[in-house]
Ligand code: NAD
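Shown here is one chain on its own, the form predicted alone, set out as structure tokens.
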Amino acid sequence: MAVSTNAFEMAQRQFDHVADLLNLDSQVREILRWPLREYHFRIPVRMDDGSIRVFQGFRVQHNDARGPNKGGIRFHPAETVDTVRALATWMTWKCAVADIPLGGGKGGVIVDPATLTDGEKERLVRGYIQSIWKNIGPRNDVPAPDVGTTPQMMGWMMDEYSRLSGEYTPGVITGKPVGGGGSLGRTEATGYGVIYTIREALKHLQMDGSKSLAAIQGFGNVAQYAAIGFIELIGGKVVCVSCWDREDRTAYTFTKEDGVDPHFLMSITDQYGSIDKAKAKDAGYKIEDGGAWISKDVDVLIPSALEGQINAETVKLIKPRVRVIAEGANGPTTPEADEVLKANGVFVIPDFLCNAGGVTVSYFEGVQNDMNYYWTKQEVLERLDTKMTQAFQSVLDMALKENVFMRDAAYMVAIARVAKAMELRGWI
């Protein structure tokens, strides 16, 4: 039911709308509408059968006025440079709204990683670094995992960069395995960050979290820990999650009206977020169409999959009971859908605020790499809670002060911070 969405056009439209509200200077607008730099490269990889396959790679650096570019590397068969541009742009706003001293970057490779063996994946990620290593580093651009990439792959990337640069450089990549320069708490970070913002939204709306129901799209890392957090930290109930089945290339929703058990589902989920349907059915889960999550009669919707999932068509399926939409994914809601949500009084926690927990703990990881001293998991999650709560409050304050939608308020906070950094550096 999803309609085709150009993610970068959507990111620019969101930016233009707020730039108009801010009466932003035309020169500033021209700088911020487009990435400052982008790299396109071809990566030849020797496959296990001895053949050579060539992959298309990208790295986009949107704006580094506030600090080194920061952003994940996505391995996806439908990857496009416009998707990477959009994600890099959103990363600039995400880092700014979270008030961490980083800019926005993003990378991608057009590939379905599930079709590669471990050896082929390792050769591909090392080839990616060989193509881009002179243009990244702890002080100019720090990649991280994203859709289709894993901590192990980040470990290989860090090792390849260290080999090429001639010195151990753990801070060049974040999201690495613990014990290999990674940070405790990184696995939970994005999902728990989503939950910290939902907790604050429920307080603002004077809703009882223990009586709240949620429906989640996705069951990758973000969705898994959002489900755990909604149940264990908020005390609510999750009635469904959805995921993409890689065997039959179809999305399914796994529903349990008396509440899903995310720990059980994780035990029957592969590394790419596909749930074993037979085992789920045996455990009493109802298996529905992949789009069923959006029409559930719940208080909170948590889209945590890909961009453009709540659009002009699917927004019509949202039940009147829904009070909060927490965007665990990047760009899940189109501008057309936003207008409907505004009219219906739905409280939207925008993506680059809601899912900023990942980049925040990635920043913490870089800090720990620089110190060569590592915090406990409790310290990491406490610092994350503090950062996310402060970020949410700054956006809510702006929304109430200017009487604007939360997404517009988040952009106002972020754009103002980036523009100020550009001014202080003499760029404008």
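The first residue of the shown sequence is 1; numbering continues from there. These numbers come from a predicted model, not from an experiment.
We do not show the form predicted in complex with the named molecule, though everything after this point is about it.
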Quiz item: Which of F219, Y128, Y196, Y161 has a heavy atom within 4.5 Å of the named molecule in the predicted bound form?
Solution: F219
Practice problem: Find the only residue in A201, L306, I136, I231 having a heavy atom within 4.5 Å of the named molecule in the predicted bound form. | Solution: L306
Exercise. Sort through 340-348, 165-173, 114-122, 211-219 and report the only stretch with a non-hydrogen atom within 4.5 Å of the named molecule in the predicted bound form.
Key: 211-219
Quiz item: Any chance Q14, H62 and T360 all have a heavy atom within 4.5 Å of the named molecule in the predicted bound form?
Solution: no
Quiz item: Applying a 4.5 Å heavy atom distance criterion, does G328 contact the named molecule in the predicted bound form?
Solution: yes
Quiz item: Hey, in the predicted bound form, is T149 touching the named molecule, heavy atoms inside 4.5 Å?
Solution: no
Quiz item: Heavy atom to heavy atom, is W244 within 4.5 Å of the named molecule in the predicted bound form?
Solution: yes
Quiz item: Hey, in the predicted bound form, is I100 touching the named molecule, heavy atoms inside 4.5 Å?
Solution: no
